[in-house]
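What follows is one chain in structure tokens, specifically the form predicted alone.
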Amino acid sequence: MSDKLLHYGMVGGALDSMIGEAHRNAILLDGRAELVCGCFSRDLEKTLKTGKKWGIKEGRLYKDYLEMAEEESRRYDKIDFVVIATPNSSHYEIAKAFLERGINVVCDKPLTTTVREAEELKEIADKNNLLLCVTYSYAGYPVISRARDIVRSGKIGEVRFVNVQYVQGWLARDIEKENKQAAWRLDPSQSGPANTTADIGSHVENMVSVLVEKEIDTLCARLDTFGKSRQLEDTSTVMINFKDGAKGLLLMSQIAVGENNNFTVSIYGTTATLKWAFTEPNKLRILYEDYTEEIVQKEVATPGTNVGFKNTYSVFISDLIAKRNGEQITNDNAHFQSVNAGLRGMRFIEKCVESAKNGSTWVKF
């Protein structure tokens, strides 16, 4: 056994998986947890190859997640948490298997494919006193917590309107037959009831919730499908009414030619505007009525490092260690984006789909 403070396993995320590498590298950058077991693929050969690369003993490489959950739960040195890096439709069953066996969970977003599934995972996690983290990695950038503090302080006045845009161009062409990720994301049986709204819209909803801390009252969504043979949307436009009277407009698209990860947030207050963009993820801009601008920079970016993803894990690992040391850390007071955020995200997705199916009518959140 290594001298790392925590040990973890992974379901999904084989060598050919981009998101698997993102999770592993983020944890590696934190430095306090070691990968010791996994079921990285339905293909056992892929699992064995991935395990070999990461130096995992063959006895802790499993043929399926059920075997892994059962065997790990029985070990005296069982894993402290499992990372789920699989398509959306499998999140619920995998998370449930580990939570029911006493193992903390970190899951990719969206948490599940239905609100009911998310509610059940919250019930199981809370009942068993386990932590369930959802990897909304953009909220992990330190400057985002600074932005939330600025909004809380009243520096920009009362929030009136929130305008968020997250656009990509990778689905501008019909690439489903040649691109594995595109194929499963656009397949309702694997992705759930939505594509763009679930994939990047979940990040948008989470960012808005983290920054302005307002409850949504009603929303109106239009889900558009520009790809000719697609069953799920590739563009999503959502109007929001918050309970306190503030408004919002969210645009998520994956057919914006030439765009990579163009994620921008503008929060319009009564005395100033707060702006953030993923192209400069460690910088905030505050615009004032006289057209002057204030720059707030939390830290200098490290080239090639996804600070948001790394910090997502750092906060989760810190909470898990604190909990193990006797602190009362729950999903309700955790410093990471917990199952509560995942449940709210699923409600957002379902309500957007409901609104769009009913002719883009306003629906209660």
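In this text the structure is predicted, and so the values were computed from the model without any measurement. Position 1 is the first residue in the sequence shown; the rest follow in order.
The following text describes the form predicted in complex with a small molecule, which does not appear among the structures shown.
Looking at Q254, you'd find every heavy atom of it more than 4.5 angstroms from the small molecule in the predicted bound form.
Contact between A147 and the small molecule in the predicted bound form is not found at the 4.5 Å heavy atom cutoff. Contact between R74 and the small molecule in the predicted bound form is not found at the 4.5 Å heavy atom cutoff.
The shortest heavy atom separation between K180 and the small molecule in the predicted bound form is within 4.5 Å. Among the residues T235, N104, N88, N206, the one placing a heavy atom within 4.5 Å of the small molecule in the predicted bound form is N88. Taken together, E119, P193 and F365 are entirely out of contact with the small molecule in the predicted bound form: none brings a heavy atom within 4.5 Å. Considering the small molecule in the predicted bound form, the lone stretch of 51-59, 313-321, 327-335, 34-42 in range is 34-42 [heavy atom distance within 4.5 Å].
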